[in-house]
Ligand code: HSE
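Take a look at this single chain in structure tokens; it is the form predicted alone.
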């Protein structure tokens, strides 16, 4: 096999994993790696020259493929742009850059006859990108739904299995290296939103602007919610989904949801990811595996690199690997149009007629209750847990706004959507 010359930007945790795996691929020659600090001790001996100047890698005419594992939007975006303009193929795990600038970057790749490989950008070691891009080409994808962030899944699993608070479970995730010192990207849902933008592009041909994606994180999930979910036959998961809402709109959301214990997603534990892909021909398939970590991510990057190197000798191969992505951004449905059941936990003053007044307010806004449980608490009145029937988010929000104006309401502690199996198979 012809030797393929590679360059790399970044030699952090994932980069070290990439170097270790590339050492087994003798037809792939890593010529130069750009790093921020050349003198920094590393757990692997670099197999090639290190440089503090990324342009020494990008502008090297011998390097055919650039592996970008530095992460973050800037300056990675500028490096990828320049490399594409220099007609270098890109292998990247950078979900943020792709989600925010995908239309521009894929057009730039097409214009220069090169391609971008990005299996590692979504679900780490799970072959999700290649499955949708090539494995399911005969299908019209109706929905992609799942657990797309291993850090939050670890935290929620820990809260349930060990009984820890959110703060304690987050601390354990940080100790184990699953969460960053600043965990906002994970626990506030940004990471999943980036991934949903990319998945929307593959499934429906257009990226979604990340700030157009409905986003809720898990910071407000409490032990009481975990316990109530179990009592009602559910498990709390952070679920991301993209589906065709109408011929010209997508519904794209990331939010904590109560998932029925009988559903496959409820069984995805620890730091694993679990994704359901629904197609008109294949039905629904489930992919489960490690969504992050050094070696799963490195595996996806090196797998992409091997695939790319195998194709380089073919004429006009780049066009085969280009996803059918348009340069325009997708239009998204209004968040208020989403319909699902809801779980509510609130505290109210404990006097006669309160539940009747809640029922009247809900009825005014077309919110139908499936069940209501009241437990008395001397200091804080009564604690009420409600599960609703299907309701539009806009109606639910209007009912909650009216409740907040009532003098009997002490607190609305939690409002969590309930997952329905058909969400993952919308046709």
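These numbers were taken from a predicted model, which means no experiment stands behind them. Numbering follows the first chain given and starts at 1.
The form predicted in complex with this ligand is left out here; the points below concern that form.
Contact with this ligand in the model of the complex, judged as any non-hydrogen atom within 4.5 angstroms, is confined among 128 to 136, 142 to 150, 209 to 217, 345 to 353 to 142 to 150. Residue 256 falls outside the set of residues with a heavy atom inside 4.5 Å of this ligand in the model of the complex. A residue is said to contact a partner when one of its heavy atoms sits within 4.5 Å of a partner heavy atom; residue 225 fails this definition for this ligand in the model of the complex, lying far away. Contact annotation for residue 80: none of its heavy atoms lies within 4.5 Å of this ligand in the model of the complex. In the model of the complex, none of the heavy atoms of residue 274 sits within 4.5 Å of a heavy atom of this ligand. Contact with this ligand in the model of the complex, defined as a heavy atom within 4.5 Å, holds for exactly one of 201, 156, 109, 292, namely 292.
Taking this ligand as positioned in the model of the complex, the only residue of 85 to 110 that brings a heavy atom within 4.5 Å of it is 95.
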